[in-house]
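Take a look at this single chain in structure tokens; it is the form predicted on its own.
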Amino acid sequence: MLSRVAESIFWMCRYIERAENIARVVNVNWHLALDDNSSEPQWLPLISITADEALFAEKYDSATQANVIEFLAFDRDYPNSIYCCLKAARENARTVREIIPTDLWEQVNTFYQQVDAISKAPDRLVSPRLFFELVIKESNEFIGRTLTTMTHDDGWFFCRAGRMLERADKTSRILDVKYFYLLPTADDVGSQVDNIQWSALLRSASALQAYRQTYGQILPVNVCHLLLLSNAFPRSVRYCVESLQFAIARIAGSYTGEYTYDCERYCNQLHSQLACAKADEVVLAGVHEFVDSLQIKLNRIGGAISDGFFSGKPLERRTHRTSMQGQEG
């Protein structure tokens, strides 16, 4: 597969996953804000999830509900807004239109056209719930079409790699914001406010029902386990990294215990760390510190994927056998 084609498929899937995650978080927060008059403290952390506070401050004086929704959903100058993500996804799909299934291209194109039309409506901020639900629904439709219409060859695995890398990053950021920003004071720990926030966090990741079925009462340590370390929940970081690891191995044609590309080695190391970690130890050592390190490693994997598969440089094939000993983490 040409590196240009692989890169377009990778980013097409990553952008749509990014748009869906933003829609999930903002939609949950919008519902939460209906029962709370303190809109500014609730909306500011959503900008922190994207790590784009500086860009937001350049255009908006305060983190009001209207400003944050406009920025994250419709801002045409902000490259990570839902609108810009879907525009970029459509452009990537257009460049490989002859490679991807026609049904998939038509769905991406229609998805973007719907979002473009809503973004121009003067009443787009009056009741944005239907918009976010549309983005979530169409994103799930996109995933379904990739699953059922794409040949499961290298293109499919690049698609899955982009989706899982993006999902792992966003799940970790959502959890980090809860620990680092959302709780107003230590007195609120265990209170009704605290429980509402944890429930909102789980809903952001479509994890509330899975959590209730597995654990029952909401406890921070169990939330951390489900969202970071579960090998069964499909939005947990560990599950995503394991899926990413498998996709990269299939693209590289590697055997178990060996790697050819740096992204394989980095992914194997991170998966080993997550497989060996315990939620109570993560909470005790500091969730923010753990997630901060995790995001650095995810960024390194993303950079290594780009260098290994998309740079166009000739690869000096190196085959190394990895060992559990001496790995990072």
Partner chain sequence: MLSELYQTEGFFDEMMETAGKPRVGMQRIVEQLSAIDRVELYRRQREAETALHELGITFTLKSEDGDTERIFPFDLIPRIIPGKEWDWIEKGLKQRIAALNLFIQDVYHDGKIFKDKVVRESLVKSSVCYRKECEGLKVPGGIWNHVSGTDLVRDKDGQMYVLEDNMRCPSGVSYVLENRDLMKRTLPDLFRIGRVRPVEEYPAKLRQMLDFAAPPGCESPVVVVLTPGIYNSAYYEHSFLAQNMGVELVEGRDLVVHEGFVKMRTTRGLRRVDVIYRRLDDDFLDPEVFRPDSCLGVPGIMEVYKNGRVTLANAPGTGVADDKVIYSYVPDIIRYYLAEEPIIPNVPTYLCEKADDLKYVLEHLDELVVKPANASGGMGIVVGPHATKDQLAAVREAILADPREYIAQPTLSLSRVPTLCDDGFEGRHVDLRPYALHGDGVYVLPGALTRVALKKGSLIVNSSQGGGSKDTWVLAE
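Numbering follows the first chain given and starts at 1. Owing to the predicted nature of the structure, the values given are computational and were not obtained by experimental measurement.
Keep in mind the form predicted in complex with the partner chain is missing from the figure; the text below concerns it.
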property: Segment that reaches the partner chain in the model of the complex - one of 165-173, 83-91, 131-139, 212-220, heavy atoms within 4.5 Å; result: 83-91
property: Partner contact for N109 in the model of the complex: the partner chain, 4.5 angstroms, heavy atom; result: yes
property: Touches the partner chain in the model of the complex: T95 (any heavy atom, 4.5 Å); result: yes
property: I99 within 4.5 Å of the partner chain in the model of the complex, heavy atoms; result: yes
property: Any non-hydrogen atom of T148 within 4.5 angstroms of the partner chain in the model of the complex; result: no
property: Contact test, all of Q113, F158 and Y261, partner the partner chain in the model of the complex, heavy atom 4.5 Å; result: yes
property: Heavy atom within 4.5 Å of the partner chain in the model of the complex - residue from C240, A73, I251, A205; result: I251
property: Residues of 2-16 having any heavy atom within 4.5 Å of the partner chain in the model of the complex, listed in sequence order; result: L2, S3, R4, A6
